[in-house]
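Quick heads-up: it's one chain on its own, the form predicted alone, in structure tokens.
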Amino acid sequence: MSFKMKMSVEGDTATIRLAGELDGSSAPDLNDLVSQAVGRQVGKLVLLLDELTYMSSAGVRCLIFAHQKLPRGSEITLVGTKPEVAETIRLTGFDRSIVMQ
């Protein structure tokens, strides 16, 4: 499945819907979108992951990149994370730095 993403910004919240597989080939595109969100001075990033079927370590690095780029005290929330994607995030311990719903 190909990777797709779409961002909307409302107030200080950027919401990005991801679908498909987030891996080394698609990660730079997500980093670019996160940079655009940061440029719009958002304080909260919501990632809708119910259609994301796979996340490699490159995807986890995207989450870390977002965490580093957002202003201090900003929140990253993952919504609809599939068990296999959540397991990848938990294995790295990064689940302690974000909110997973």
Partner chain sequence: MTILEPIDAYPTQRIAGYPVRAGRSLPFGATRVPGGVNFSVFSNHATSVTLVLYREGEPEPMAELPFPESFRVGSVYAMTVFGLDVERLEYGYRVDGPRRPWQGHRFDPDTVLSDPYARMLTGHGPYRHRSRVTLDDFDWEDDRPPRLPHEDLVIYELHVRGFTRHPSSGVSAPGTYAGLVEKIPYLRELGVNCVELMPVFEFDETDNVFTGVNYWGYSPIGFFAPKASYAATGRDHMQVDEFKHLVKELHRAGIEVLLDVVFNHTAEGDERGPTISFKGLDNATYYMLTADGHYYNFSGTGNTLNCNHPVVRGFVLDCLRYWAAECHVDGFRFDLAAILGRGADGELLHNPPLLESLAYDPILRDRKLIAEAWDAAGLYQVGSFPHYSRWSEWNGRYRDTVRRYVKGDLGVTGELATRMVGSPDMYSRRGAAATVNFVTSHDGFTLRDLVSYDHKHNEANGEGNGDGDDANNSWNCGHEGETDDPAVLALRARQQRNALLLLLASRGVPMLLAGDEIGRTQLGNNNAYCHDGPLTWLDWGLRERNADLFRFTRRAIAFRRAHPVLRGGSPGSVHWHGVRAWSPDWAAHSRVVAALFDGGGNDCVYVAANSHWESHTLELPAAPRGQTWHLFADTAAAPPMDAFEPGSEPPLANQSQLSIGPRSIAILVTH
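Worth saying up front: this structure is predicted, and the values here are computed from it rather than measured. Positions refer to the first chain, counted from 1.
Another form exists, predicted in complex with its partner chain; not displayed. Remarks below refer to it.
Residues 51, 81 and 101 are flagged as a possible site; in the model of the complex, is every one of them within 4.5 Å of its partner chain by some non-hydrogen atom?
Judged in the model of the complex, none of 51, 81 and 101 sits within 4.5 Å of its partner chain.
Residue 60 within 4.5 Å of its partner chain in the model of the complex, heavy atoms:
Residue 60: yes, in contact with its partner chain in the model of the complex.
Please tell me whether any heavy atom belonging to residue 8 falls inside 4.5 Å of a heavy atom of its partner chain, as the geometry stands in the model of the complex.
Judged by the heavy-atom cut-off of 4.5 Å, residue 8 is well away from its partner chain in the model of the complex.
Decide whether residue 46 counts as a contact residue for its partner chain in the model of the complex under a heavy atom distance cut-off of 4.5 Å.
Result no; residue 46 lies far from its partner chain in the model of the complex.
Residue 96 versus its partner chain, in the model of the complex: is there a non-hydrogen atom within 4.5 Å?
Yes, contact at 4.5 Å.
Can you tell me which residues in 56-91 come within 4.5 angstroms of its partner chain in the model of the complex, by heavy atoms?
Sequence-ordered list: 56, 57, 58, 60, 61, 64, 67, 68, 88, 90, 91.
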